[in-house]
Structure formats: C-alpha cells, structure tokens
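For reference, the chain that follows is the form predicted alone, supplied as structure tokens.
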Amino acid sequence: MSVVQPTLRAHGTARRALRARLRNWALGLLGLAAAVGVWQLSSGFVGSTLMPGFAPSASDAWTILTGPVLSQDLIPSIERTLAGFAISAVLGVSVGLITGYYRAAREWTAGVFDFLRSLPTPLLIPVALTLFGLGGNMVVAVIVTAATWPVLINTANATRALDPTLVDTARALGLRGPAFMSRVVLPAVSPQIFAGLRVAISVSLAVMVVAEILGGSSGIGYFIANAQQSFAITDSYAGVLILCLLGWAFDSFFLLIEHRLLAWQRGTVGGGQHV
C-alpha cells in the first residue's frame, strides 16, 4: 500500500498537468482564432486595398517562406538577431555580475550606464551607419546597444541582492574569484538572468526590424519597407505576419531551453527545497 499510494498520486499529478497543458493550448488557439477574426472584420471595414485579409496575407507569407526572399532577406535577419542577442547576453551577464557584486564598479559605472540606456535606439542608427556602413554589422551593433540592458540590469540587481549567508558560506569553503562566480553567484542569479534574456530576445527582434527599415540593405525589415514604398500592401502585411511567427518561435524555443536548464529550480524557493 505504501508503494501504490505514491504511484497513484504521481499518476494523478501527471493527469492534472496534462489537462492544464491541453487547456492552455485550447485557450491559445481560441485567442489566435479571435485575432484572425478581428483581422478579417477590420479588413472588411477598412478595405482590402489598405488592409488585406488574413488569407491573402498568409498566402503571400507562404510564398515568401518558400521563395528566394527566404535566403535573401529572412535568413540574414535571423542571423543578425541571434548574433546581436548572443553578444548582448555575454556582455550583459559579464558586466552585470561585476557591477552587481563589486560596489566600486557599480558606483563608477552607474552614471554612464544611466545615460547610455536612456538614449533612444533609433537615434543611434545614424551613428552605427557612420561607423559600420550599410549591412549586417550595423544591424548587429544597433541590436547590442538595446538588448544588453535588460540582461545587464537583471543580472546586476540579482547579484547585488545575493543572500549574505550564501556568500559567507562560499567564502568559508574557500571559493574565490572565477570559481566563486561560476559555482555560487551564477547559479543563484540564473532565474533573473533568464528573465532578462527573454526580454532581450524580443528587443533584439524589434530593433533588428527598425534598423533594417531605417538603414538596412537587406533583411525582412528592408523587405517590408520596400513593399510599403512600392504599394505592395499584401507583401508588407505578409512580412509582419512572418515577424509574428518568428517572435513566437524565438520565445517558445527560449522557454524550452529555460525549462531544461532551470529544471533544478522547480520546487525550490530561494534555492531551498520545500519541506
């Protein structure tokens, strides 16, 4: 009996989790259906010339995904987004750990960081164009200037708020320098880091589009801008639809990675196991 009861409880928990996931999927599909319905109704009121319906936009999006635009514009945009995000992640985590843990570094950089992160990203595009010219390097540079801050701020705040008992215990065990950062600080602040990274991937995608529209020579943002200027309205809506799918794919993939890497955190509060 002592073995059967925990097994039955485990099966019951699994069934409840499955029902919850199915319910969430159903609600998500219902929300998508409602959004498509609103799109169709809006198209009928505004007129298909200014706002094509969902079906022609989706058809054009499929043509884009299966045609030369995929390799000419979409794939370069994905590469730039991921490159900018990767640089932002490394830079944000590294600087955030240093400025969060060392008070002197935080005080020296606070004013500079407050000034830099208050600058509107579109205003930096002319500077990036001057330094890097048209092309992918300019887009990546602009992404880094915007996507670094969510990671850096989350990492620094979490590191600054570390439990002093945790720090003292690690010190007593002889952990110093890189070992202390990698084995104590980084795992302790990893949930907040991932929260900043999730924001950063969305910021990277949005800034990529803006940079390509305003100063790019290729990419999905450049494609949308050209479609608008050429009055190919359906193509521009198809590009926006592809961006929505791309953002959803990035976010879903990131949540999957976070779920795997932070599996140890489930069932814990502040790093301590529930009892």
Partner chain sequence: MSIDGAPASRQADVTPAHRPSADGALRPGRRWHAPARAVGGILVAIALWELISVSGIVKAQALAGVGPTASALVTHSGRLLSAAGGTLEAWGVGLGIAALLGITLGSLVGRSPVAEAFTEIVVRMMRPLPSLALIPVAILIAGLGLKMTAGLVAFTSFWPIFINTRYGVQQVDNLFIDTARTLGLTRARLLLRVIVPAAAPLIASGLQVAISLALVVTVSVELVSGSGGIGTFVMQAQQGNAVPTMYAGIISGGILGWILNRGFATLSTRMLPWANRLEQR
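Positions refer to the first chain, counted from 1. In this text, rigid core is short for the largest set of C-alphas that superpose within 1.5 Å between two forms. This structure is a prediction, so every number in the text was calculated from the model and none was measured.
As for the form predicted together with the partner chain, it is not shown, yet the points below apply to it.
Segments offered: 176 to 184, 135 to 143, 96 to 104, 80 to 88. Contacting the partner chain in the predicted complex at heavy atom distances within 4.5 Å is 96 to 104. Contact between Arg171 and the partner chain in the predicted complex is not found at the 4.5 Å heavy atom cutoff. Of the heavy atoms in Ser43, none are within 4.5 Å of the partner chain in the predicted complex. Proximity of Ala58 to the partner chain in the predicted complex falls outside the 4.5 Å heavy atom cutoff. For the chain shown alone, Gly247 is a contact residue for the partner chain in the predicted complex, at least one non-hydrogen atom being within 4.5 angstroms.
Taking a 4.5 Å heavy atom cutoff to the partner chain in the predicted complex, the contacting residues in 207 to 237 are Val209, Val210, Ile213, Leu214, Ile224, Ala225, Gln228, Phe231, Ile233, Ser236, Tyr237. Gly28 is among the residues whose C-alpha shifts by 2 Å or more between the shown form and the other one once the rigid core is aligned.
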